[in-house]
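The form predicted on its own is given below as one chain in C-alpha cells.
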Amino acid sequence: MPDTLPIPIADGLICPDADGIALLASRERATHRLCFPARPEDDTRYDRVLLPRTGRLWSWTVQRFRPKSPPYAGPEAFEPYAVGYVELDGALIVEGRLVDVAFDDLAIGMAMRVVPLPFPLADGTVRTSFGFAPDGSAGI
C-alpha cells in the first residue's frame, strides 16, 4: 500500500491508517443502531465508529455491463467486476466491489477484508474508495 492514498471519494467513508483503511459508520446514541456510511460529524445524535475490517461474503454478483451514468462515475472503458455484500464481523452488511479474486472463486461465506480501491473518475482524477479482497489469513 502506498504511503499516502488519494483523497477519499466521499467524506465520512473511510479512515486510512497504518493497517490500511477502515470504514467509518455512525452509531445512533438513542438506539445504538449502526448506519453506513457515517452521518456528518456535526450530527449530535450519532457517534462516529470504525467498522471491523473483516467479515464474510454474504452474497455477490458480477456487473457485466457499464452502469447508467449518473450515478456511475467511472471511465468510459468498462470491464466487468464483482460486487458483493460483506457481513462485517458483528456489525453491518456492506456492499462493495470484490477485488483480487477470480469470479469463479467467489463463494458465499468466504473470508473478506476491507482494502483501499483507487477509483478513477471520468475526468482522470483518482479518488480512494474501498473494496473487499479475500482474507487469506482467516481461511474459508
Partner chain sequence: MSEDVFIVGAGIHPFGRTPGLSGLQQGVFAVRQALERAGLAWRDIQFAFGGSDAAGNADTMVSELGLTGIPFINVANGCATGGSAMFGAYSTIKSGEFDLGLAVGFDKHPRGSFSPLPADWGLPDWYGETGLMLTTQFFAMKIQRYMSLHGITPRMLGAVAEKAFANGVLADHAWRREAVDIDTILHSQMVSDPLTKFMFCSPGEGAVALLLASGRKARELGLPAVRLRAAAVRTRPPGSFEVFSPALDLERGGSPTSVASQAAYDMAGVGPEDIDIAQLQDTEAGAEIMHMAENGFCADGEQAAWIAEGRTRIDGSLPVNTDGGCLACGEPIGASGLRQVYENYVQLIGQAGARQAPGKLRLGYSHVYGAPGVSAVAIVER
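Note that the coordinates shown come from a computational prediction; the quantities given were computed from them, not determined experimentally. Residue numbers count along the first chain shown, from 1.
Keep in mind the form predicted in complex with its partner chain is missing from the figure; the text below concerns it.
Tell me, yes or no, whether residue 62 is in contact with its partner chain in the model of the complex, where a contact means a heavy atom of each within 4.5 Å.
Because a heavy atom of residue 62 falls inside 4.5 Å of its partner chain in the model of the complex, the answer is yes.
Within a 4.5 Å heavy atom cut-off, is residue 40 in contact with its partner chain in the model of the complex?
Residue 40 lies outside the contact set for its partner chain.
Is residue 34 a contact residue for its partner chain in the model of the complex, using a 4.5 Å heavy atom cut-off?
Judged by the heavy-atom cut-off of 4.5 Å, residue 34 is in contact with its partner chain in the model of the complex.
Using a 4.5 angstroms cut-off on non-hydrogen atoms, would residue 68 count as touching its partner chain in the model of the complex?
Output for residue 68 is yes: heavy atoms within 4.5 Å of its partner chain.
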